[in-house]
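For reference, the chain that follows is the form predicted alone, supplied as structure tokens.
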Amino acid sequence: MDGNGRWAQRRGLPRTEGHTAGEENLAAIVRASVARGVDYLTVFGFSTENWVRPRREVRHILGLHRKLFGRVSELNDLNVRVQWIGRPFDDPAARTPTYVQRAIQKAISDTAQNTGMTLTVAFDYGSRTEIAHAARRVVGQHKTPNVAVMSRAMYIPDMPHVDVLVRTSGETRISNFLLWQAAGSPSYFTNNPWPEFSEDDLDAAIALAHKFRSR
């Protein structure tokens, strides 16, 4: 969900206002995804690299994530189940604050019975970190690494393969996001920053996924 800060700066606003707008647009895209029958939506909320951002900006983003995970009533109304993917809280390198951990755990618990779309939020997440974590688990279990064994050692072993990877704000590169799960998947690029990511963008991304699958 790239481009929040640049969206704000172009309007003469603090970068934090862009993150607020991005969080609101995420809620709208979740509703639109549910309406279209999307089964899984995974969003890159905060990466392992984002901790180096200015402290004020990081604090603001953390507060927005607590708010996001606190939208339980709306998520239940939509029959959406929440998941989280990121460095395990007991990992020595993990940096997720306790109050965000509690919000994550509560959202997962309070939406566990929902049977509709699964919304997975990647927080304190980096794909290379996940792959390295999986490799350590496999080696620690004295198993021979292969694709099947490594897949079972990922943070969420039953996460389905990515149908389409979306990148916003004119960035035409793949970030450190679900590299294992998205291998071979098509990518949808849009010039719209995340606060302006529209239902038309969503429809175009879904269409690309269908087109790729029908080959």
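This structure is a prediction, so every number in the text was calculated from the model and none was measured. Just count from 1 along the sequence shown to find any residue number.
Although it is not shown, the form predicted together with a small molecule is what the next lines describe.
Undergrad: Could you confirm whether residue 23 comes within 4.5 Å of the small molecule in the model of the complex, counting heavy atoms only?
TA: Judged by the heavy-atom cut-off of 4.5 Å, residue 23 is in contact with the small molecule in the model of the complex.
Undergrad: Going by a heavy atom distance of 4.5 Å, is residue 57 a contact of the small molecule in the model of the complex?
TA: The answer is yes: residue 57 has a heavy atom within 4.5 Å of the small molecule.
Undergrad: So in the model of the complex, does any heavy atom of residue 50 sit within 4.5 Å of the small molecule?
TA: Residue 50: contacts the small molecule in the model of the complex.
Undergrad: Would residue 38 sit within 4.5 Å of the small molecule in the model of the complex, counting heavy atoms only?
TA: Output for residue 38 is no: heavy atoms all beyond 4.5 Å of the small molecule.
Undergrad: Residues in which of 64-72, 30-38, 181-189, 154-162 have heavy atoms within 4.5 Å of the small molecule in the model of the complex?
TA: Careful reading of the contacts points to 64-72.
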